[in-house]
Each structure stands twice: as structure tokens, then as C-alpha cells.
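Have a look below at one chain only, the form predicted alone, in C-alpha cells format.
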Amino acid sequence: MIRFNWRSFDWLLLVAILMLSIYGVVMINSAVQGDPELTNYPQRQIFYIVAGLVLMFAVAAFDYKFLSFLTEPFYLLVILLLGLVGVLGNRIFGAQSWIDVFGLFPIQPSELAKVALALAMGKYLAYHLDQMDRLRTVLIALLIMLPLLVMVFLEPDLGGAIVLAVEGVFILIAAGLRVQHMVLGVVAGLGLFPFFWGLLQEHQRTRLLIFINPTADPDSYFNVNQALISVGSGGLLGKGYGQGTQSQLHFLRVRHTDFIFSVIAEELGFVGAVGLLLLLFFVLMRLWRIADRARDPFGSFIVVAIAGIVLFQTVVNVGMNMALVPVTGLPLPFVSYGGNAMLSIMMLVGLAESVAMHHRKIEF
């Protein structure tokens, strides 16, 4: 009978994720105070965390090598769901990204696309690791990513599409992407930029333009300015929990999702913000350890993709709260409010834990 190697389960990673999730619930509770429409959001986030933990343990219990046999069906299922979004999807915040399941729970297939890409691209490159010097190998890997990226971009969800692109780049680099292929990709990207710019929605162009020139559209820059005031006014120890003026007086919009970091910086100060970032850094270090100890390239690539997602979303979310990068709508992992984002990141952590548990041969 197969015995799951729970001794190799990364319990420290789980503890860090629980601390981040609890941190998020506490700050969401502060962020939604005084808003009757959002009062139940902390309770809902707790439900998403519990459901995510159940999903994480369920995924971790399976050997990821077995899950590799489900890669193709899962990839096709996600493609199908992304296609259905265009027909049956609900438009929220300017993007048609959600499918309502019997009016009970909206599913965001773009979150599942992160899992599908990690499995599909990781599996392909693991089987063709000795052919990374060939441009053909890289192009086929990019073709695996392309349908997911294009369909998410057309929702339109620019932030989600960028996450998928970055995730794919992380996997390629981990597989040994050659410098000449990387340079070729950068040149091709610059050449296609005018075409890409023409495909952007008006609000997406506006976000990029006000990042370059905030005075071009003061109204669109309003929330970024409020976020800067929040972060700058927090000082060393903050104004106190539930005492942030920008959040409590509702000057700061979408403060429970995109701009939760501003709430933390204002109310808990530099110490609270750095503590949060150190927890996220610890998560990245544990993921790096799992990737380094993986028993095969496939497992390593999966965990590298997960670490890339956590790192990129953290950098971009904190960066847009501090006006260092354009606003993209990417949540802060484990902290921002959101059911689909929490479930998908927990599923990815479950995959990482599966790699950790099976870094040695299964005992019988």
C-alpha cells in the first residue's frame, strides 16, 4: 500500500501561508469598515481560505507525476472554459472574466490558466530538456502558452495575460533558455509593440499613459495618489489598526483588493509592511528549496512557475501601490480579497507540496 511521505510535507511553508492569509483577513476587515455592502467580505475570505486549504491538501496527496497524465485534459478544459467566458461570461471591472455557476459562485478561468500553463509547459520542457539549444523547442513551448495568453488578454485582462507570460519565461529560464533566444525574443517583442498597443482597450492605455504622465488624467490617477498618501503617512508604526484616514474615510478605492498594501502601510506602518514582505520572501525561499530538491525537471519547473507567480504579483502589487509600476489589477498573493485568486494559489501550493513530498521515491 502506498504511504504518502507527509514527513517531507513543507510545514513551514504552510505556516507562512496561514500567517499571510490571516494577516489578509485582519486587514480586509479593517479596509471594509463602514461599507455596508462589504461587511461580510472577511467571513467570505475565511471561507475561501478554508476551501483553498482543503484543495491544497487534496492536490498534495497526489503524486505530481500522476497528475502529469491529466495535463492535456486539464489544459483543454481550461481552453474550453476561457472560450465560454466570451459567450457566457459576466463583465466585472471592465473585464469579461467570470462564469457564474448556477448563481452560486463565479469561476475565473484565467486563474486556472496559471495551473494549466505550469503543468503543460513544464511537462513539455522536461521531456525536451536536451533540446533547449534548438529554437524549435522554445517556439513550441511558446505555442503552448499562446492560446492561454491570447484568450485571457482578449477578455480583456492585461494583468492576467502578463502573469502568464512571466510564468512562461520563468519556466523557460529554469529549463536553460539560451541567451541568443532570449535576445531574439526581446527584439521580436519590441517589434510587435505597436501592434500590441493597438489591441489595448482605452482604459488600459490610460493606465499606462498616466504612469508616464500623471497630470494627463488627474481623475484616473486619483487612487494611485491616495495610495501614495496612505503609504507615506503610515510612518514607522502606522496610525493604528482601523485608524487609517485614507481607507476609513474611503478616499482609497478597491482598498480590500488591489490596494490592500496601502491599508497595511498606513495603519501598521513600515514595520507592518516589512513584516508582510518578509513573510512573502520566506514563502519564496521555501518554494526555491522545493524546486532545488525536486526529483525531476518536471517537478522543479512546476515549483519555479509558482515562485515566479508569487514573486511577480508581489512586486507589481506593491509597486503599483507606490506608483513604481502601472496599475494592473493584480492581487497581493494570499492577502488581497478574492475567492478565485485564493483557490488557484492554494492549488499551486498544493502542487509544490506534492513535489516536496515526492522528492524521493515513494515507499511501499
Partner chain sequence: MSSRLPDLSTRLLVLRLSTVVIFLALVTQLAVLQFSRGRQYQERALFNRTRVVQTEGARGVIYDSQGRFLARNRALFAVALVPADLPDDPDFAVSLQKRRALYRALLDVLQQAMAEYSPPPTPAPEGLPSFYEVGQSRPPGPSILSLEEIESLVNQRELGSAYQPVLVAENLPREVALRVEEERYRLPGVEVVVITRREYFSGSDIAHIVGYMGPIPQENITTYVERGYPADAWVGLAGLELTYEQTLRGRPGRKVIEVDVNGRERAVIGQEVPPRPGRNLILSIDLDLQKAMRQALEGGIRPLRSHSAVAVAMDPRNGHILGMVSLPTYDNNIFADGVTPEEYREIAEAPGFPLINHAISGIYPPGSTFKLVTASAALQEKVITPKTILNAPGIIYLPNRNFPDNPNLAQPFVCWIYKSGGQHGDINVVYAIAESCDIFFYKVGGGWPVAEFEGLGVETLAYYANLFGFGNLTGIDLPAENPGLVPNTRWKRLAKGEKWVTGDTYNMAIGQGDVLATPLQVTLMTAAVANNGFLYKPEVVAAITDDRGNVIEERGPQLIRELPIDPKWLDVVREGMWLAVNWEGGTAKDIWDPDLRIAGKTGTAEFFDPEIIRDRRGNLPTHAWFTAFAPYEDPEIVVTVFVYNGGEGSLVAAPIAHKILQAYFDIKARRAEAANPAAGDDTPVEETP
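Computed from a predicted structure; not experimentally measured. Numbering follows the first chain given and starts at 1.
The following text describes the form predicted in complex with the partner chain, which does not appear among the structures shown.
Between the partner chain and the residues 30, 45, 314, 336, the one pair within 4.5 Å by heavy atoms in the model of the complex involves 314.
Though the partner chain is absent from this view, in the model of the complex it lies within 4.5 Å of a heavy atom of just one residue from 196, 222, 74, 241, which is 222. From the list 47 to 55, 22 to 30, 294 to 302, 66 to 74, the contact stretch for the partner chain in the model of the complex under a 4.5 Å heavy atom rule is 294 to 302.
The partner chain is not shown here, and in the model of the complex it never comes within 4.5 Å of any heavy atom of residue 122.
In the model of the complex, the partner chain sits within 4.5 Å of a heavy atom belonging to residue 170. Interface residue remark: residue 202 is not counted as part of the site for the partner chain in the model of the complex, having no heavy atom within 4.5 Å.
The closest non-hydrogen atom of residue 249 lies within 4.5 Å of the partner chain in the model of the complex.
Contact residues in stretch 223 to 249 (any heavy atom within 4.5 Å of the partner chain, taken in the model of the complex) are 225, 226, 228, 229, 231, 232, 233, 234, 235, 236, 239, 245, 246, 248, 249.
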